[in-house]
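Take a look at this single chain in structure tokens; it is the form predicted on its own.
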Amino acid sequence: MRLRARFLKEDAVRFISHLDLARTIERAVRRAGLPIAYSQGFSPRPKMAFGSALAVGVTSSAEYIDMEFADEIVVEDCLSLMNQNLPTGIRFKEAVEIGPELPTLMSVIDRASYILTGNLGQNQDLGLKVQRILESEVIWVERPGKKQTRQIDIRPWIFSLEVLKEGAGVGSAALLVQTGSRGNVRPEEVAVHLSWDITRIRIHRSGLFIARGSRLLSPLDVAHC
């Protein structure tokens, strides 16, 4: 039996790494006594696969995980048992059973939405900076490679950017970008072009999606298709 679940990563655990998050969920599965399936071989591992990894310091209301179980389980019981054994800040919200033919999360998720929030500097016009980004033909960023730093144009992978709030010295913006193996935009790269100090902003991942033409489906929606 395969299960796909959505869970939250909140403020209390926003500074743990993706590896620590995975280990925490593995321990919760064991403590809950759930019949998780294991891989074969010399060092068996629980059959669990995450969606796009979340950076340290970023919160999220839309993290996804696929889990395979050796026996049938009741979805509601699984959610309850997981939440009883997880620390504050990680909460499973919903889950659905998925078939064995459904592709892995990492292979299909290709859109991510974020909310960026930070203090505005003197005379900073957030709306104007957003407009400049959207009107730009290219937006170059530097990324370190194995041998040298690479220059990458991320403009084709920014699908929408809009101001949510601007006033009293605070601003926030909603961002939708490409993610996955075919292209990836880091929200902090956009924040830099908004003239925000990336060490002082808050980033929240509000969604992970699978693009189907002009439609954006959540990984749980796809499970029902």
Partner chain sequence: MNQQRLLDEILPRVTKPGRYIGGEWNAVRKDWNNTPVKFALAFPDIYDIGMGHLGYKILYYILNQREDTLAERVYAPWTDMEARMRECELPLFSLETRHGLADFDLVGFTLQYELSYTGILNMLDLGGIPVLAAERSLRDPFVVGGGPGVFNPEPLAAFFDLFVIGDGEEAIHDLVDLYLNWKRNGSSRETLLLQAAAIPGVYVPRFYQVKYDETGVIQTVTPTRSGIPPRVQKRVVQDLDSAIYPMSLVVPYIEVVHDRIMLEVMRGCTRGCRFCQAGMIYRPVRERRRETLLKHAEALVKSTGYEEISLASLSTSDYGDIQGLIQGLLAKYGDCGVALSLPSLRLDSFSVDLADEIQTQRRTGLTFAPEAGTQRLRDVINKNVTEEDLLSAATAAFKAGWDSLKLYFMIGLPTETLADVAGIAQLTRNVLRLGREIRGLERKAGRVKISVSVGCFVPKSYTPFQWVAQAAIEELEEKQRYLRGLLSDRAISFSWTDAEKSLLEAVIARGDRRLGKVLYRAWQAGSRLDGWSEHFSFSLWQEAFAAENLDPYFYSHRERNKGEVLPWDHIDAGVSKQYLLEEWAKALAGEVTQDCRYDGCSGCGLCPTFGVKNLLVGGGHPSEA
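Source: prediction; values computed, not measured. Residue numbers count along the first chain shown, from 1.
In what follows, reference is made to the form predicted in complex with the partner chain, a form of this protein that is not presented.
In the model of the complex, at least one heavy atom of L86 sits within 4.5 Å of the partner chain. Though the partner is left out of this view, K165 does not reach within 4.5 Å of the partner chain in the model of the complex, counting heavy atoms only.
Taking non-hydrogen atoms only, A70 never approaches the partner chain to within 4.5 angstroms in the model of the complex. For the chain shown alone, S206 is not a contact residue for the partner chain in the model of the complex, no non-hydrogen atom being within 4.5 angstroms. Residues with any non-hydrogen atom within 4.5 angstroms of the partner chain in the model of the complex fall in just one of 184-192, 24-32, 154-162, 167-175: 24-32. Contact with the partner chain in the model of the complex, defined as a heavy atom within 4.5 Å, is made by none of F50, T104 and L220. Contact residues in stretch 192-207 (any heavy atom within 4.5 Å of the partner chain, taken in the model of the complex) are D197, T199, R200, R202.
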